[in-house]
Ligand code: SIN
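What follows is a single chain, given as C-alpha cells, in the form predicted alone.
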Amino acid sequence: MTIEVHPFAAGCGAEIRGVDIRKKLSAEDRDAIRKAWLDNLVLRFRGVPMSDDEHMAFTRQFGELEYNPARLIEKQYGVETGQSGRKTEIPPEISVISNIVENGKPIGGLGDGEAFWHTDSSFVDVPPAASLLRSLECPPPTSGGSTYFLNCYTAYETLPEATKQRIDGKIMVHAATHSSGGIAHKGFEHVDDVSKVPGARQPMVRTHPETGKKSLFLGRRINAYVLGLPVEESEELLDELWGHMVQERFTWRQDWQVGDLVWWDNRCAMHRRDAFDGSKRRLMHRTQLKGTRPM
C-alpha cells in the first residue's frame, strides 16, 4: 500500500500522498482513496499537473461522469443557458471556472468575484455526488481566491435536539434562480415570492447513501424556501440554520497552488470562494460524479 492519508486539523479535509493519480490505480489504492474521501469529505492531491483526459480518467475510476451545470439546467428546466466563450475542444463533462477573457468573451464561469456557500447543482433533482476541481493557473494566496469547505455532518450533529426534530422530514426548495456568485439568471433579477421560484425539492436533512450518516442539506441561501411554512417563518428558520452551519469550526480552507486537485463530497460538504484580484489569471477545470436522488 502506497497511499498516505494526512487529515487536516480542521472540520474536514485530508491530503493524499504516495500515489500518481495520472495513472490507472490498483484496486487497493482506489479503495483506500475512496475510504479516505468518505472519512474526510474533502481530499487534496498537491502538485499533480494533469490533462483533461487524465482528470476524467481518474474521476471515472470512482463512478460515472456527470455533465457540467449548464447541461444539467438545460436538461431539467429546458433553459438554453449557453456558455459564453466556451471552447469547443473542452469536453461537456468539464466545467471551466475562470476569469480569463479571450476575444472579448469569458472562457469560463464565476469570474473573479466571491462565490457564496453552496452545494453544487442542488437545484436539479439529482445533484452530483462529487466535484473534482484542479488548478491550471492561479494567483498567489495573497491575491485572494481561497476556497473553504464545510462539514455538514458536524453542522447537523451539533444542532439543538429541538431544532433537529423541527426540521426532520421537512422539504425545501433549492432555487435555480442564481449562480453561486449571486448573479441572477435572466428573469429572476427581482423575486417577490420565494415560494414560487423554480428549483428542486430536497430534504433539509440528507442521509448519505454510502455512510448512512445524516447531514444538513441546504443548497444555497438565496431564494430558498421551506415547503408548507409561511414565507416569514421559512426565512426565520433558514436564517437560524445558516447562522449555525457556517461557523468557522466546521470549515477547512484551501489555498490553491498550480497542480492541486481537490475532491469533495457534494452530499455532505458545502463550499465557497473568496474574491480575488481580477488582474491575475485564474483557470480551473472541474469534473463531477453522478449522484443519486437525495433522501
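All values derive from a computational prediction rather than experimental measurement. The first residue of the shown sequence is 1; numbering continues from there.
FYI, the form predicted in complex with this ligand isn't displayed, but the following is about it.
J.: Using a 4.5 Å heavy atom cut-off, indicate which stretch of 222-230, 242-250, 256-264, 49-57 touches this ligand in the predicted bound form.
T.: The contacting stretch here is 256-264.
J.: Are all three of 97, 133 and 282 close to this ligand in the predicted bound form, meaning a heavy atom of each within 4.5 Å?
T.: Affirmative, all three are within 4.5 Å.
J.: Which one of 155, 172, 72, 110 is close to this ligand in the predicted bound form, taking close to mean a heavy atom within 4.5 Å?
T.: The residue in contact is 110.
J.: With the partner left out of view, is residue 202 within 4.5 angstroms of this ligand in the predicted bound form by any non-hydrogen atom?
T.: No - in the predicted bound form, heavy atoms of residue 202 and this ligand never come within 4.5 Å of each other.
J.: Taking this ligand as it sits in the predicted bound form, is residue 118 in contact with it (heavy atom to heavy atom, 4.5 Å or less)?
T.: Contact with this ligand, yes.
J.: Quick check on residue 147: any heavy atom within 4.5 Å of this ligand in the predicted bound form?
T.: Result yes; residue 147 sits at the interface with this ligand in the predicted bound form.
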